[in-house]
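Shown next as structure tokens: one chain only, the form predicted alone.
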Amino acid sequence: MKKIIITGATSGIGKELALQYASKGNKVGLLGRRTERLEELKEEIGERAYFRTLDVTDHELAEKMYTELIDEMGGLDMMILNAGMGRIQMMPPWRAESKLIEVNALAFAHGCHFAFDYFKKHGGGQVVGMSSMAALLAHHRAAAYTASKHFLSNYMIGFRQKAKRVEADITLTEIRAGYILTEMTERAKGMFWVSDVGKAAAQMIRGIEKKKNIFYVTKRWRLLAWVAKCVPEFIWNRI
């Protein structure tokens, strides 16, 4: 039985990961901004679920909530940093981009730092970062989003290097997801190779269990990753 904290657990990938991990007999600590949804998920999972309402951009409160969940679960084996935002159309452009960066980059970095320090003190564990194929790309319509995922990817590389320099057994796994049908993407246009969230979460869990450094979901996105690395910038600039 593992003790797992999942941020952004109120819907989509985070919720599905919580359900699937709990069904395997693990304890799950659920974090999200919507208390009602956390209560519903707790009721669905039962006694193996613990939750706290949290906006991950409040770093001081986040540390308190992480610590409380760890105490309630009796330890921590894995931290899944899933909280994130896509493009926000209801705010002025810079306000929207700054909020996205605050959630996708700064809050992620804070959670990764917290988990790494905890695992360093307690002998080991696994940090999972919910990245995207966008980490390999840049696009004029989503400059902040693609940059935030590239930050996540590079940040995890740096911490992977740190992990080799400590005595604890710490694994850092980056999930590079393609299009997955969730509340956040249900109105998006132009999606292809779309996976339902259940299938995607099951593949993520398999990749996490194998302690992969980088894992593509679904697997066919590895092909596009190879293409993205080979195509020169001047071609991307015309897309």
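These numbers come from a predicted model, not from an experiment. Start at 1 with the first residue shown and count on from there.
Unshown form predicted in complex with a small molecule; subsequent notes refer to it.
If you check the small molecule in the model of the complex, you find a heavy atom from every one of G32, V56 and Y179 within 4.5 Å. The listed set M78, M156, M130, M73 contains one residue whose heavy atoms approach the small molecule in the model of the complex to within 4.5 Å, identified as M130. The closest non-hydrogen atom of F119 lies beyond 4.5 Å of the small molecule in the model of the complex. Contact between A9 and the small molecule in the model of the complex is found at the 4.5 Å heavy atom cutoff. In the model of the complex, at least one heavy atom of A83 sits within 4.5 Å of the small molecule.
Taking the partner from the other structure, the small molecule in the model of the complex has no heavy atom within 4.5 Å of any heavy atom of L106.
Between 171-179, 206-214, 41-49, 22-30, the stretch whose residues reach within 4.5 angstroms of the small molecule in the model of the complex through a non-hydrogen atom is 171-179.
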